[in-house]
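Presented below, as structure tokens, is a lone chain in the form predicted on its own.
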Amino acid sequence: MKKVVKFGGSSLASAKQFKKVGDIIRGDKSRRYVVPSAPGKRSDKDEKVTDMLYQCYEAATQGKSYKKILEKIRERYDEIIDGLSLNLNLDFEFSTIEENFLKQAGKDYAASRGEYLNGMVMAEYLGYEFIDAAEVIFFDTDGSFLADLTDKELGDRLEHVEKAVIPGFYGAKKDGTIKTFSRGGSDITGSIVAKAIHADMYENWTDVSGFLVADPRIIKNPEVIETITYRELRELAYMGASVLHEDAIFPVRKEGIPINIRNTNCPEDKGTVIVESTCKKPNYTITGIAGKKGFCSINIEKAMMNAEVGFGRKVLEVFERYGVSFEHMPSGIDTMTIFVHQSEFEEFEQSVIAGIHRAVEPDFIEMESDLALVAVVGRGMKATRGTAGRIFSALAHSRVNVKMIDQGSSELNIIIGVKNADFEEAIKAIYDIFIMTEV
């Protein structure tokens, strides 16, 4: 059995955390390939090493004093090395980093050094082989990830390596220039490694015990989701639920490799397992609730709209012209409503309205701002009658006015639009009716 284990920044922020990670890895012989992030915060007032590297690089390239910041970064690693009693000296590495900063090697290079150095520390601590991600993860000259090339090269490299540490977050272009994924990209690296070695499981260790049914800032001690499908996860992640980088799903999904979200500080917790499909019955009718604030709606009315061929296309072309993407588009016989991000739309609102008038000559256009969207997601909804009725009954009981309803044909999710001011109350009401009353 082969497992890839990825550990986030909070899991590797100090020597104490490293020791927890070491115990976890040594506790299961199948945990053979390790993907570390850069050291995260040790406390709320602390700084992440990646942020410090950005600051240091900016100072160095602008001719400002950078040595104190570089020394602070060095101290973070020395503290971990000393705390683990390792015989490891990073003088050469820091000298090279300083030299490349002054040569302006790029922000991606700067950001990647946190993972690179932590990978070296982790490999020394575990006695595993260190493999620089720049040698096995590839990007095109335009920065596009080269999935097929990476899969082949990485698979070939690891085929005869029993145990290895591969730093997360970065790779390299063909000319050797370092290129990073977006922030949180170590999740993606773990997924890429899992696919390349045909892993049985990809364990993603962080500071929470899995995906939660709802945001803990809104719901006190929400339930943990035991099993979730990739499709459900995509819906929740898109609406703001963020424990795993959403792009980390794609490599393992192609191979049918499950992901297990685990808590480094509570390793006995089973966490959440993410799978392609399952016949396991969910504990509740819904799997999760997520949402975002900051939307506005543009309601377009025109008699006999449904009989006018190309009406929707003409309207959406106006939004496209101004680079505004739409989120949802519920419609009726004579009405069509477009939901967009308010911050993206405000700059172009009058131009878009004028464009719609010219394109389709509507009878009436009305806009409403300060709206929120709430997604209720769950594979269990498809086989359960009255789900929508329970949602709207709960919202009505909590005096939340519903501004929009949108349900896909998959019956996997229901999107509800409410005022920003009602956002938290809406989530509490839905959580109570589906989770608290079904316990």
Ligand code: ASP
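Here the structure is a predicted model, which means the values were calculated and not measured. All residue numbers refer to positions in the sequence shown, first residue = 1.
This next part talks about the form predicted together with the ligand, which is not shown.
- Although the partner is absent here, S186 lies within 4.5 Å of the ligand in the predicted complex, judged by heavy atoms.
- Within this chain, N413 is remote from the site of the ligand in the predicted complex, having no heavy atom within 4.5 Å.
- In the predicted complex, at least one heavy atom of K48 sits within 4.5 Å of the ligand.
- Contact annotation: Y202 falls outside 4.5 Å of the ligand in the predicted complex, judged by heavy atom distances.
- Remark: of stretches 292 to 300, 208 to 216, 177 to 185, 328 to 336, the one touching the ligand in the predicted complex is 177 to 185 (heavy atom within 4.5 Å).
- Taking the ligand as positioned in the predicted complex, the only residue of 112 to 147 that brings a heavy atom within 4.5 Å of it is E115.
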